[in-house]
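Quick heads-up: it's one chain on its own, the form predicted alone, in structure tokens.
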């Protein structure tokens, strides 16, 4: 038996608690950050209005601004390429397995690493792979390339690349499941028609499969851009932005200014700039990166 709501007010009453919580804990802090970026203040001290001075200081005077933005761009670009390629291939291989039992087993195998905390993963790479006597250096010594060994996270020439390569072979369980769901939603009639036309193998993968999972690719791209621009936890754990400022990103510099240097207004200004970058890239992605539904609508 279905219950019909008596009036539109009933719908608003149901949504209202969630809207109040969302406004209190999401929207108001964002508005507060925008307003605070216009003031110079420390926690517990008096504040004074400085207008757009923080933005001018960061973009025109802060020596870390453009190097950190470049580091962020490199890390985000590499992450986007990796997350939109390797998991996609693995998901397609799992989808091609002949029985549902083996598909289920392989999905579980790739999903299990998700339960490992991200901090633990970073520490494993730092201590077991990149350390002086870690796996990578020991492997180089074993093949007679001892002169290539180094402190990978302490060397300015390799620190950023070492961070970018953490997670190899870049097959995250979340991305695999998202892509697998996309492949599973492809109508069987499409697969049958492609087989009748002789479109199989790599030709089918590039001409049919990938266009049919563009919605999933679009989702992963947006999430990767957001995570790459605002994220800094792994760098904080591994290098704290060093050596020097070789691995500093804007998010980490914002954190240091807020909680180490007590420049909350300046940190809020950096956060607002990151918000503007994320918002702009998301709009571009939504407008120019067509999903599978958009392509079907065009047809």
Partner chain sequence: MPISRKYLPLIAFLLLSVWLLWPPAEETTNAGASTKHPEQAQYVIKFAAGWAYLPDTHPFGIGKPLQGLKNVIRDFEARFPDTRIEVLTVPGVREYLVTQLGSGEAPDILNVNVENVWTDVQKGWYVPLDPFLEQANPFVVEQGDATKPGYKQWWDMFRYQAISRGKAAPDGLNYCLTFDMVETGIYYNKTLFAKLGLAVPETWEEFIAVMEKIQAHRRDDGTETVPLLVNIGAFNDWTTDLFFDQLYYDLLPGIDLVQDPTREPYLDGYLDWDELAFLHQKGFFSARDPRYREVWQKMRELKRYTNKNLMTDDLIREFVTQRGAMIWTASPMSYRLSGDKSLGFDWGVFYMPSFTRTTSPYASGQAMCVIGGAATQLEVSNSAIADTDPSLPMRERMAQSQRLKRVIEFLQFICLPENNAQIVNEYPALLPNIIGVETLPILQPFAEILDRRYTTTKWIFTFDLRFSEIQQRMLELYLTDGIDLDGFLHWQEQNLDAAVANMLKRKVPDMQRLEERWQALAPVRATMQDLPMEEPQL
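Numbering follows the first chain given and starts at 1. What you see is a predicted model, and the numbers here were worked out from it, not measured in a lab.
Keep in mind that the form predicted together with its partner chain is not shown, yet the notes after this line are about it.
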Counting any heavy atom within 4.5 Å as contact, can you tell me which stretch out of 98-106, 192-200, 131-139, 160-168 lines its partner chain in the predicted bound form? 131-139
Checking a candidate spot here: are 149, 244 and 261 all in contact with its partner chain in the predicted bound form (at least one heavy atom each within 4.5 Å)? yes
Can you tell me whether residue 238 touches its partner chain? I mean in the predicted bound form, with a 4.5 angstroms heavy atom cut-off. yes
Is residue 31 close to its partner chain in the predicted bound form, meaning a heavy atom pair under 4.5 Å apart or at it? no
Looking in the predicted bound form, any heavy atom of residue 233 within 4.5 Å of its partner chain? no
Check residue 113 for me: does it contact its partner chain in the predicted bound form (non-hydrogen atoms, 4.5 angstroms)? no
Report the residue, out of 208, 221, 94, 153, that has at least one non-hydrogen atom within 4.5 angstroms of its partner chain in the predicted bound form. 153
